[in-house]
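Here's a solo chain for you in structure tokens, the form predicted alone.
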């Protein structure tokens, strides 16, 4: 998997490309654990090219969720493929995390 970070004034967009499994979860965890990430008001996660997510990948997001909330950084997922969204939905994570269809909606969230 490839993670590309695209910073702007108060928003960081992370573009995920490939499969987020146990071996690639470390890469994402490293990106989300950077101290500078808490300087943004929003972290947008572009899932358009995310083809698969394992429990380890979900765990990375869950493990950082409280830290982001404490720092008042909004985590927003967008462009999620249906099969990936279904994993979030089955586990009830769609109720804990903000998931929107488009980048425009993510920016406005």
Partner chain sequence: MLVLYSLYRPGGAGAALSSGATQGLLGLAVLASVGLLLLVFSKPEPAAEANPAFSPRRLEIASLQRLTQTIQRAKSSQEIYQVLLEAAVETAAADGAWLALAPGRPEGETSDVTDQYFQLAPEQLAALRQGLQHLDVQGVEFISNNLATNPHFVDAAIPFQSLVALPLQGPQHYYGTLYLLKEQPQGFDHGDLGILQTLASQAVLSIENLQLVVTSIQNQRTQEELKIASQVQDSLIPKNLPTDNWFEISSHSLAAKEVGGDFYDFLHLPGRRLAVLIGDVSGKGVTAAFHMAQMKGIFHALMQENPLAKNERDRFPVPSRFMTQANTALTHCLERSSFITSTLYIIDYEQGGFMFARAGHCHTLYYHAMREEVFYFDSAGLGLGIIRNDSYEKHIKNQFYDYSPGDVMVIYTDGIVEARGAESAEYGEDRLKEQLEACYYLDAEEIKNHILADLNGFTHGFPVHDDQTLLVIKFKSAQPVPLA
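Residue numbers count along the first chain shown, from 1. Please read all numbers here as calculations on a predicted model, not as lab measurements.
This protein has a second form, the form predicted together with its partner chain, left out of what is shown; the following refers to that one.
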Contact of residue 9 with its partner chain in the predicted complex (heavy atom, 4.5 Å): no
4.5 angstroms heavy atom contact with its partner chain in the predicted complex for residue 58: yes
Contact of residue 19 with its partner chain in the predicted complex (heavy atom, 4.5 Å): yes
Any non-hydrogen atom of residue 62 within 4.5 angstroms of its partner chain in the predicted complex: yes
Full three-residue contact with its partner chain in the predicted complex, heavy atom 4.5 Å, for 89, 93 and 96: yes
Partner contacts in the predicted complex for 32-52 (non-hydrogen atom within 4.5 angstroms of its partner chain): 52
